[in-house]
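Take a look at this one chain, the form predicted alone, written out in structure tokens.
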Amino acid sequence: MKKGMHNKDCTCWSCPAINLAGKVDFRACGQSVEQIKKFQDEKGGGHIMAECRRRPELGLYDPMAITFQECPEWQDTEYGYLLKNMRVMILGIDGYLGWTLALWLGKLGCKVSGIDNYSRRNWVKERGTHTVVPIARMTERLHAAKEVLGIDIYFRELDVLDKVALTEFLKEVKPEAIVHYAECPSAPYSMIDFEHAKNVQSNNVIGTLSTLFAIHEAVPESTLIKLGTMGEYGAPLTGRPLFEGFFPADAVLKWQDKEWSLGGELTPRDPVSFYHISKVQDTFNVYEACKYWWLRSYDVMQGVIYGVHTDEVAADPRLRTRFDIDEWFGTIINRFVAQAIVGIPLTLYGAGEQIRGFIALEDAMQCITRLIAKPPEPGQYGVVNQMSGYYKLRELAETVAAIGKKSFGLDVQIQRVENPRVESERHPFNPIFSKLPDEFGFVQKDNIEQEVSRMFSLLLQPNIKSRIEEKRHLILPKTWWSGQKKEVERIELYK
């Protein structure tokens, strides 16, 4: 696949600038493009007629007759053809991923807007900790983005649960793509007690439902990029493949001498926490909304993201994104590096043989951009499994320890501790993650060794190392899925 050309043959039918309002409303009859073409063939011709909001001079035209490559509104970039000054709204723009993506898209020429209610800051503060990489207030971040990168970001403090305010903001901005990061991302946080489980599910499930209704009312042609998680699938002990959202066409179910096709059905879910259950509910809500209202969405079943680097966040200390290390919000590789720096043995839960999918921060930004550049068709609910590889957690601990010792002169140990989670510690893992490279042109740029080295270099800076030291007592887990309230005990220590 030629670099940047994964979406060259997409047509205006997929473009968020299409306007079907007042024409034949294909949402009302639930027709797919294939059904429409079949109808045209049977009737001996005919066209789907639409207008373009960006090119009104075209008048009524056949939206499947012009490709992105042919349209002057779509410009070639490293990540595919991208609409000029594309309006992208990020829900949860203050977070680890949201802020990074805002700067990334801004440098690509997108008109970035975003909302946040600062929940992540408050959740981490509740734990008594802070981001170990200092981040500024939003007003300072926005000023620095303008000063250093020349990016204007339109921000509004807003909660996705406020459907009226969200709808008004969508109508004002008219985003052509919406990236939904405005959810609580922590399994341990959801397992603390009833109140935390309730708050996570309310924020995530009702927040996404609010978002869907607001999009339907305000910007139905916009693409929703929704962040799911590989944890929705679980790790089935049968070893069956974790397909990308749906069973493939040739999948069959055999039982009692009979056979049924599973092709096109949503794949089974086995969520591993109350947080992951909220994500499964999101999946069904988004899937149904696309069916009912012909919304378009990609559900990104994301592996664990790690790292600190993109060119944009590294351009100035004021542009850095947050980096959490506590047991609630610190993801595993990030936490391992912080532990190595302050001399805490890297903590493996139980056997340490659990397998997870991973992707570096910069590669995750690339993936989202490639999805934005190739919008789904109206009514399409697409799913991608976003990872660049998968590893046993023990392998990752040993990799971090080796880099810490060889490149930074650190004496790093590894410990196995009691597992506070309820999970299989040894299991097969067979994820399918071919859509991003095959259909969207994704090519991995960062590997674990490179990104872990960058993390060590940043976190060893004296001011950041001291912030890790301040909160080192909050790294070891105390939140048990069983409801116990105690710190885990060590099983084994080794180098």
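Predicted model only: the values in this text are computed from it and were never measured. All residue numbers refer to positions in the sequence shown, first residue = 1.
Separately, the form predicted in complex with a small molecule exists; it is not shown, and the next lines address it.
- Taking the partner from the other structure, the small molecule in the predicted bound form has a heavy atom within 4.5 Å of a heavy atom of F336.
- The small molecule in the predicted bound form comes within 4.5 Å of no heavy atom belonging to G404.
- When the small molecule is considered in the predicted bound form, S278 lies well away from it, no heavy atom lying within 4.5 Å.
- Contact check for T347: a non-hydrogen atom falls within 4.5 Å of the small molecule in the predicted bound form.
- Of the residues given (P378, P185, G92, G80), P185 alone sits with a heavy atom within 4.5 Å of the small molecule in the predicted bound form.
- In terms of contact with the small molecule in the predicted bound form, the residue from V219, I414, M230, A145 that brings a heavy atom within 4.5 Å is M230.
- Checking 421-429, 256-264, 190-198, 156-164 against the small molecule in the predicted bound form, the stretch whose residues place heavy atoms within 4.5 Å of it is 421-429.
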